[in-house]
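Laid out below as structure tokens are two forms of one and the same protein chain, each shown alone and named structure 1 and structure 2.
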Structure 1
């Protein structure tokens, strides 16, 4: 009675497989007819660019149909039915992994290979790559480029000063970790700056730093300025010394941007620590209190060890945030004045696609250096994760 049903369960469902295979073939066959020219005539639009998005959607739809059919095809095979647990994860992974490979993993290696070429990003009329292989030439140029060293130095400043976000975040978290009425609203309002786009934060601070009518000049005027009546009879402000132009000064621009960047980053670290503090075992605190630990001693020996996971994540996100700093520099100074507030991320962008430059090879060399710096932290993070995984087993 049971034997035919068991063998049925593992047999290939032939009709299903056949239908699916036909659908795959049809979709893939149809795919080559979906061209921009074809869509242009079909939609009766004059501009090619107007036909680009519909073309894209039709292509994607066909691909998805083919994928779905492929899925049905595989699941109707006897091989799948026998090896479900071995095959299923790959079916689950397929789309996500392929997309991630195409857009993230492969480009890393492509970028590294670009860095050994001289290329302006163009192809000739036949679609042939116009670049030239130049070996380590870009790196040689890079190590003679004073702008590169400025950017590298600024990146170091970012890394070092951005770390302030961790202790300040902890401090604010300790300050807010109480249970008075309305404290939840305070906590969310303190977290507020993190939610705002970095572009907006950059604009806010660029305005705050403005020496003529910014927030800082206003505070400055409370201490150093007096209002006088000038010859014409109007009220003018006379300040000595003059309010500083933070973003206009080569020596202070980077620090002005870092301070602005710290604002949301502190908020992030604060929320990490608040969650961490929430999960601390009260037994240990009580035990510590019985032993007479108080204040700093308690923090140092009882609380901080328990906050280790929070500290770890806080440091990781802060390092990544420091090395990724781009939006604020783009909105606040664009690397200026005279390249003094450049970082690798912005300098790369500027060299590769900045106005009239188009140095893909050189830009890729900068990106590769940035990537290698980041790789140190990524490896460390993965290593820590690996330790956790091994422990969990």
Structure 2
């Protein structure tokens, strides 16, 4: 029995490709046909809400069939068979790239386009968009808005103070990188804040800051309060001065929220550095000791250079977390008091959908400014990563 020739082995499988193309065409046609109204008549469902679930599953099934048929179609082509090593990775990335395009890239450009309009987020009774093109009007209002500058200033405070998480995380990691009894328990305790939801962290600190019953109030009472009997005969606490209301003071609210956000961020940086410390070359440590390096010299000249990748990731994640801070503000102050703790992300939400404002165009302008600021940092970090890759080669 003769083996197939090279040309036959790399030839297009015409039958498979044709069948796959037909299946793709049928699935795409069915996806256009399967609307909520169409499914209502097909399934004899009278209520629209009742038809959403079967419609969703039918659409997902058709989409999966189309993707499977597309995979079969591509793998049947002669081009794929001749360039399998180069094309195969892109096939695995294709679904993720499509979803990333639909749910990230497209909304970014939609938000940028909305920033040039005046729109309340609603459609008319016929489903027609009710927005109006206003050009750069939203940006002119934005740069005349004192609340925007307050939010931008608070973002800068977040960016500066959040960077404290990196050296503190390093210090704790160095402290915990020991082989002593019970060290795993201490590592778990320090790591615990990172696994807590940001909303839960915000609630914990909001209660701790409460001037009536919070932890800060209890500590304050140890030094500045005493218990007295009032005219009714009940015990009451008298403080001089009164406990500070951190979240109720426009001068301290932002710093109180940043302190709450630092708690889990320090834990995250600590984990990054602990991972890096476990990968440090013991030979370099011994060579440093032989050369007389110890303490600060050992840390600076031997350990820190080997922790450069962990430091890079910690800085990137910390910067992005500081710029996109939202949930802590939403949980603890909702931007108050008097908008003094707003950041760009929360101010965008507040203008677009919060408090019934409905200024989608203006909120999109704020989102665009925040996106451009983050783009500068992300582009720089990506460039640094590329330079490191080039040097490693």
Partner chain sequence: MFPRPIEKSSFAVRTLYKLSLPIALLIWLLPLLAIFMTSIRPASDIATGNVFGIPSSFQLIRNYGEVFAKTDALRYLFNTLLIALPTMIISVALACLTGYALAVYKFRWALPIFFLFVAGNFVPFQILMLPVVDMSNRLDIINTVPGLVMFHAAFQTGFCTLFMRNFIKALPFELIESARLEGVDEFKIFWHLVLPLVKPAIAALCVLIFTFIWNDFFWATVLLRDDSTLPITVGVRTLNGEFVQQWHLVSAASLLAAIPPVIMFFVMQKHFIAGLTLGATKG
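Residue numbers count along the first chain shown, from 1. Since the structure is predicted, the reported quantities are computational estimates derived from the model, not experimental observations. Rigid core: the largest C-alpha set superposing within 1.5 Å between the two forms.
**Q** Quick check: structure 1 or structure 2 for the form predicted alone?
**A** Answer to the question: structure 2 is the form predicted alone, whereas structure 1 comes from elsewhere.
**Q** Of 96, 281, 185, 128, which one sits right at the hinge of the rigid motion between structure 1 and structure 2?
**A** Selected hinge residue: 96.
**Q** What is the rotation of the smaller rigid part with respect to the larger, given in whole degrees, between structure 1 and structure 2?
**A** Here the smaller part turns by 14 degrees.
**Q** Taking the rigid core as fixed, quantify in angstrom how much the C-alpha of residue 87 shifts between structure 1 and structure 2.
**A** Spelling it out: core superposed, C-alpha of residue 87 shifted, distance 6.0 Å.
**Q** Residue 385: how big is its Cα shift between structure 1 and structure 2, in Å, with the core superposed?
**A** Residue shift at the C-alpha: 3.6 Å.
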